[in-house]
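To begin, one chain is listed below as structure tokens, in the form predicted alone.
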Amino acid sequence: MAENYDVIIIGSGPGGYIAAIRAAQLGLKTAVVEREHLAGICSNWGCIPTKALLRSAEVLHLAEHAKNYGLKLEGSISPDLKAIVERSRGIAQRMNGGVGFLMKKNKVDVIWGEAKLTKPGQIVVSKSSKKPMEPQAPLPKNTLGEGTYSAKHIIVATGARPRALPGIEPDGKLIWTYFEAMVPPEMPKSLLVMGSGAIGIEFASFYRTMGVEVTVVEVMPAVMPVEDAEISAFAKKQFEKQGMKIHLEAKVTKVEKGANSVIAHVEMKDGKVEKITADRMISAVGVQGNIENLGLEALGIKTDRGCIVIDGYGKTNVPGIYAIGDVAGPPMLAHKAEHEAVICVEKIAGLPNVHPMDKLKIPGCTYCNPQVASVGLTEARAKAEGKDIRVGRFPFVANGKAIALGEDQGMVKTIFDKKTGQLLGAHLVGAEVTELIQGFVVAMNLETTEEELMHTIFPHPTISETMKESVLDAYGRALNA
């Protein structure tokens, strides 16, 4: 029996559930379809539970270096892998249940199953081919099942999944994706990570802190290749000091599988092939949109490189059908999906002054040790665009709070338009920079100039003072360096 809605969202990840809540707030009758887990990959297998793992690694690191803080810890310190994983999964379940609560609170119907677009304004929901991933919080009482449902507006928010390279496909045992990397049955002694983007480098950081011998293979000339070259180089040195082995401009061409290990054939920059043996391997070569089995082809919905093509408001080329989040293309970030969701729904509701997202103002964060965060143009891109720029830098080693914390390895880099004083980009590496970056994001969104930043009072002692000092340095006025 068909249920009529104003809006149906396919997928309940960060984009999907935020779209549902905002639609409900605007008085639209709303339903969300989910086949696997409320809250999507981010809360169940990505953003949140990985940060729980990294927090455990951070605490272990501090405990192992307690003497640096004048503390004596009696007895040996070792990670309890089972407990670490259980803590992470428990947090995922809490997030999962939280989204269920929000659906109920906002009177959003949850339809459990797999959705397929049959025509504009209509979907058919069938039994899910996916088993709900554990742990799964109890489904909200307002959960519906299989059937045909209609809505004037249908938003596709089906997210993405790990990309696999031909011949090096993950098998769940020896070659992992981030799913298996989050719940290892035992800690490997050695690990090879293929790809040094955010996912790869975060897991490399976690496992290295846990005492695993980690080797990273990256095809590009820098780790975290989307970051500013100077920040990337700084982070690489810190990773290597921790004992990571990093091979740049290298690629895995073949993998031999043993009973309990792999031998990766790695073609180095000079063309020579080196065989690297590891207990396990993580494939972290990016993600691809979940566009299959949705009925897109039959309706003529345009896709490009595995993602749905949209305009600045989430509209596809077929009226009444929209897409948001990872399935709608890069940057594939949860906060981008959430903001995109609000823009899409508010445009559907006819709100005035709805503007497309400025992707240059989307911050990126990597929660490795040290953390990396950025927004806007890199120095290289600003120069490539022909901009006349001023660049400021300030090291954590000259910041009192960072020294007191024992976290003096880091830096802040800012890039300004020389003529206008416009902040074009900000790039940070070091302790808690994923929290600091939002200050620069707000500044860019408000079109703040260097003069306004210079006249802003930053509290002392804080690491945030490095942000102001970097601005001052761009204009030859740094006070503490």
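Everything numeric here is computed off the predicted structure, so don't read it as measured data. One-based numbering along the sequence shown.
The same protein also exists as the form predicted in complex with a small molecule; that form is not shown, yet it is the one meant from here on.
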Q) Based on heavy atom distances of at most 4.5 Å to the small molecule in the model of the complex, which listed stretch, 63-71, 421-429, 446-454, 35-43, is the contact stretch? A) 35-43
Q: Could you confirm whether E114 comes within 4.5 Å of the small molecule in the model of the complex, counting heavy atoms only?
A: yes
Q: Answer with yes or no whether C47 is in contact with the small molecule in the model of the complex, where contact means some heavy atom within 4.5 Å.
A: yes
Q: Please check if T158 has a heavy atom lying within 4.5 Å of any heavy atom of the small molecule in the model of the complex.
A: yes
Q.
Quick check on Y178: any heavy atom within 4.5 Å of the small molecule in the model of the complex?
A. yes
Q.
To verify the annotation, which of these, L377, I301, M411, M332, has a non-hydrogen atom within 4.5 Å of the small molecule in the model of the complex?
A. M332
(Q) Can you confirm whether G11, L294 and I324, the three residues that make up this candidate site, all sit within 4.5 Å of the small molecule in the model of the complex, judged by heavy atoms? (A) yes
